[in-house]
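Below, in structure tokens: the form predicted on its own, a single chain.
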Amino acid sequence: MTAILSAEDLRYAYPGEGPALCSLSLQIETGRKLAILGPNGAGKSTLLLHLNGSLRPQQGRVLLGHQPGDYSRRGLSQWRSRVALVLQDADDQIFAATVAEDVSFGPLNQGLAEQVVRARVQSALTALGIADLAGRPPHLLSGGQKKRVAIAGAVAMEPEILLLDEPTAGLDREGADQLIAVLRQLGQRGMTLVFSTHDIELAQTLADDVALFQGGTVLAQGGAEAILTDAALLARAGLRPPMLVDLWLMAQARGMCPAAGPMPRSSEALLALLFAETPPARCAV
């Protein structure tokens, strides 16, 4: 795998406060879905603001590809065209009179021709399942719809990397499930996704890789299964394995499902392992 975006020894403190990032390093691999997982106040949002150039590290550096981030006006414009950020509160990002106008803002700022912008807006709205909302005023939308509009605005810029800060925050179960399905589809299209969350169940459901945060630094980074099944490591960040992982490990220990194989991503996947019509020979009958 090739690191498309990375942070090296980042340090940052807001005025009058303690360190928000402390010797933080991590790598984001091309085409993967990385969960920035940790409790509130661990530095997750601050890191995302560094990864798209909104904040500049007081020490260390951010690399896009193998090149240090360029904080000139032109450099930041190019950076944010490649690395788009969706904030936790969609209302902080949506301001135009209609959904279509809002989604067109980023592509227009990229200097694209009007015809290209229209095509990108239509494609993004369709990808997010909100094409029917194109003419709707954003203030009349639900929280889940606003979140999709904000993501559509980022997707319309056709970034290589999409950063999302607590993407399911404030959504009900149905809205969260719909958004997760959309993010999976974006990943299948080859987009690299990075999302911050304190919801370990979301990380277990969606992430390929996990960077575990605590106190402004990365405790560990690796494959989702390796991180999310390590109870001692998670405890250091004040977390515990997802319930689904606990059930899966218990079933393995009792010989109720294969001792090898990928971590199930849903309750349906776990049930399929437990009640397979033709279980592997190593499973209990």
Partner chain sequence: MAIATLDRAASLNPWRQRALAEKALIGFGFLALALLLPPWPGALLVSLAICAFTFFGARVPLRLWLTTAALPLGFLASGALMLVVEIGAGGVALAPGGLVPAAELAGRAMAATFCLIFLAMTTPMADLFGGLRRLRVPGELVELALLTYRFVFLIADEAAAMTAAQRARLGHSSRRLWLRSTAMVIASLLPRALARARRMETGLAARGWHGEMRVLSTRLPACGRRLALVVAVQLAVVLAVLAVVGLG
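Numbering follows the first chain given and starts at 1. Just so it is clear, the structure is predicted and the values come from calculations on it, not from any experiment.
Form predicted in complex with the partner chain: not shown, discussed below.
| task | Have a look at Gly129, Gly75, Pro137, Gly170 for me and say which one sits with a heavy atom within 4.5 Å of the partner chain in the predicted bound form. | result | Of Gly129, Gly75, Pro137, Gly170, the residue with a heavy atom within 4.5 Å of the partner chain in the predicted bound form is Pro137.
| the partner chain: the contacting residue among Val117, Met191, Leu125, Leu202 in the predicted bound form [heavy atom, 4.5 Å] | Selected option: Val117.
| message | Test of understanding: in the predicted bound form, would Ser54 fall inside 4.5 Å of the partner chain by heavy atoms? | response | Contact with the partner chain, yes.
| query | Is Asn109 close enough to touch the partner chain in the predicted bound form, meaning at least one heavy atom pair within 4.5 Å? | reply | Yes, Asn109 lies within 4.5 Å of the partner chain in the predicted bound form.
| query | Should Arg80 be counted as a contact of the partner chain in the predicted bound form, where contact means heavy atoms within 4.5 Å? | reply | It does: once the partner chain is placed as it appears in the predicted bound form, Arg80 has a heavy atom within 4.5 Å of it.
| task | May I ask you to state whether Ala96 is within 4.5 Å of the partner chain in the predicted bound form, using heavy atom distances? | result | Looking in the predicted bound form, residue contacts with the partner chain include Ala96, since a heavy atom lies within 4.5 Å.
| request: Determine which one of 194-202, 174-182, 83-91, 210-218 lies within 4.5 Å of the partner chain in the predicted bound form, judging by heavy atom distances; exactly one does. | output: This holds for exactly one stretch, 83-91.
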